[in-house]
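This document opens with one chain alone, in structure tokens, the form predicted on its own.
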Amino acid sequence: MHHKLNCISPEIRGRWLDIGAGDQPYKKYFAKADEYLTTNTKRHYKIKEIEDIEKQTTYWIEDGKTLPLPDKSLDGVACFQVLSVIDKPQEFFNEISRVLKPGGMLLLTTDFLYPVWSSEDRYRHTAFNLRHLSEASGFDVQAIESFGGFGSAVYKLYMRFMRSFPELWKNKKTSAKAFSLIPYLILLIFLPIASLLGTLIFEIEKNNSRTTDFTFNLLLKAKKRSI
């Protein structure tokens, strides 16, 4: 993500909205923007987290299908890792198009080959569908990029499984716990080697943006049509 945004950041100018910005991990890439606005959704945070997130939130919204901004009031909209929880994606794209000026940029990333991570996680979009959603809402697609290729996807799935397994294991039936623990322990032995391999894979594949049929994540860059 940081590698890609570093390449795109020189194009980020004017008034921007970051939908689902969280604690603003990518704000530095908007340094040349005249204004950096953000949205968040309260139900996605624990009560004790709200106070900290509030300081970094311009607008609280229930979902991305209704944005509290006038028509054609933004030069750009960013949306990182949010699309999978949007229940009506086409309405979401339509709303982004509404608030963008003609020629305004949409910059969006979303999970593809990646496990479910939330009870609200609904969709995985192919590159073909991202293009369809964009064009149907009045955008011209400039780029749809993969995050690496086969090696990166396999590595991300492996690391996600290793991180998630302890919680999954707690919820298994007693009779299944011992059997499921054995393969995990075997994979755990290889974790240090896998971590080193992951670093090597990233260096090899970080500039691979064409493998959109086998990647853990996708990036969409599009501009609203002027006519």
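Every value quoted in this text rests on a predicted model; they were computed, and no experiment measured them. When you see a residue number, it is the position in the sequence shown, counting from 1.
One more form of this protein should be noted, the form predicted together with a small molecule, which is absent from this view; the next part is about it.
> Within 4.5 Å, heavy atoms only, which of Leu113, Ile86, Val154, Val141 is in contact with the small molecule in the predicted complex?
Comparing distances to the small molecule in the predicted complex, the residue within 4.5 Å is Ile86.
> Which listed residue (Arg43, Arg163, Lys55, Lys170) meets the criterion of a heavy atom within 4.5 Å of the small molecule in the predicted complex?
Filtering the options by heavy-atom distance leaves Arg43.
> Though only this chain appears here, would Tyr26 touch the small molecule in the predicted complex if you measure heavy atom gaps against 4.5 Å?
Flag for Tyr26 set to yes.
> Does Val82 reach the small molecule in the predicted complex if we count a contact as any heavy atom within 4.5 Å?
Yes.
> Within a 4.5 Å heavy atom cut-off, is Glu62 in contact with the small molecule in the predicted complex?
Judged by the heavy-atom cut-off of 4.5 Å, Glu62 is in contact with the small molecule in the predicted complex.
> According to a 4.5 angstroms non-hydrogen atom cut-off, is Phe150 in contact with the small molecule in the predicted complex?
The answer is no: Phe150 has no heavy atom within 4.5 Å of the small molecule.
> Only one of 43 to 51, 172 to 180, 27 to 35, 186 to 194 has heavy atoms within 4.5 Å of the small molecule in the predicted complex; I'd like to know which.
That would be 43 to 51.
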